[in-house]
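Take a look at this single chain, the form predicted on its own, given in structure tokens.
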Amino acid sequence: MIEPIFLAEAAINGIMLGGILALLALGLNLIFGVIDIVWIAYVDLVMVCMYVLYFVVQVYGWPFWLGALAAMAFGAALGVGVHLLIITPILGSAPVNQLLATGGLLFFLQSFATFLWTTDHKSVRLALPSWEIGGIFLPATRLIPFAISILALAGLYVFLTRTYVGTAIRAVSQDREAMALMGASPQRIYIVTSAVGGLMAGLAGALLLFQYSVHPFFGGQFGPLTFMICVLGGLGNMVGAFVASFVMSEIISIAGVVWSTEMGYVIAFVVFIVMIFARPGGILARRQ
């Protein structure tokens, strides 16, 4: 029988993991909600940003915080580049062409990263403390990323609801044709959205590097899970993605303690399938 203290620790770890998953899911969902294209390679962009942070910190000796800012800036530039070079030419094309284009980007990034850096796992060495409260261990490598991710999500909410550009992004996501008739430029909003999504990818990469090593196939570890969260929360539904992130992280974390990590992912996938049949529009979708 599992001790209650272990279940409590697993639940807390699930909450902390959920913060980073929410950052990934909301970045992907923001792009889909505005541009109406799912970036299959989104987590692979995160992987590239993690490599940027690794090299500027471990090779060139930058402070971690400065390297994180560099990774975020690189992620924003990468997001704009992906939109201009890959997404813009296929806007309005068949969905299958869009999936093939972003899927092709995924394989390109994985292959290019393997060519440049091999498949070796690379990590940033951080000497951070860990605390014990009531028998539950709380490492700084989990607490710091969780706190920063929540602050970043709050900042994203303020940006989308309290700024002119954020309001324009939400308006385009609701009715891009009407916005075009009112004189707004959807193309400019697309570029800004891609930059914000890329910046969030860079931040997520920096926070993930607190706990995980980076390798060319890192996207396979979090990519499917991020996509599942977006679908479970409702594609384009930011609140739904936020809630789904914590639901899935708790399932994986607690089931990982009760059974195994692999079984945790299996149970999460089963819950995903059941919920998709029960609520195809997402867990927060309104009933018709």
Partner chain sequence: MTPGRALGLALAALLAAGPFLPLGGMKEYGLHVMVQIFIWSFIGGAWSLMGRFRLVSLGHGAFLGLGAYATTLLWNSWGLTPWLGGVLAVLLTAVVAVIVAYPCSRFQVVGHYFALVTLAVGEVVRLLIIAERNWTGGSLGVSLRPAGRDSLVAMQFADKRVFYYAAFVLWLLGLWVWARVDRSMARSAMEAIGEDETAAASVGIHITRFKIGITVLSASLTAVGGVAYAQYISYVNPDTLAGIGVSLRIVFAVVLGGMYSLLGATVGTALTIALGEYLRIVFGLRFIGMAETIYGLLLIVFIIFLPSGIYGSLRDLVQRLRSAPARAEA
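Positions refer to the first chain, counted from 1. This is a predicted model, so every value here is computed, not measured.
Separately, the form predicted together with the partner chain exists; it is not shown, and the next lines address it.
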query	finding
Contact flag, residue 131 vs the partner chain in the predicted bound form, heavy atom cut 4.5 Å	no
Touches the partner chain in the predicted bound form: residue 246 (any heavy atom, 4.5 Å)	no
Residue 140, heavy atom within 4.5 angstroms of the partner chain in the predicted bound form	no
Contact label in the predicted bound form: residue 33 to the partner chain, heavy atom within 4.5 Å	no
Heavy atom contact within 4.5 Å of the partner chain in the predicted bound form, the stretch among 102-110, 141-149, 71-79, 205-213	102-110
The partner chain in the predicted bound form reached by all of 58, 126 and 257, non-hydrogen atom within 4.5 Å	no
Sequence-ordered list of residues in 36-68 near the partner chain in the predicted bound form, where near means a heavy atom within 4.5 Å	36, 38, 40
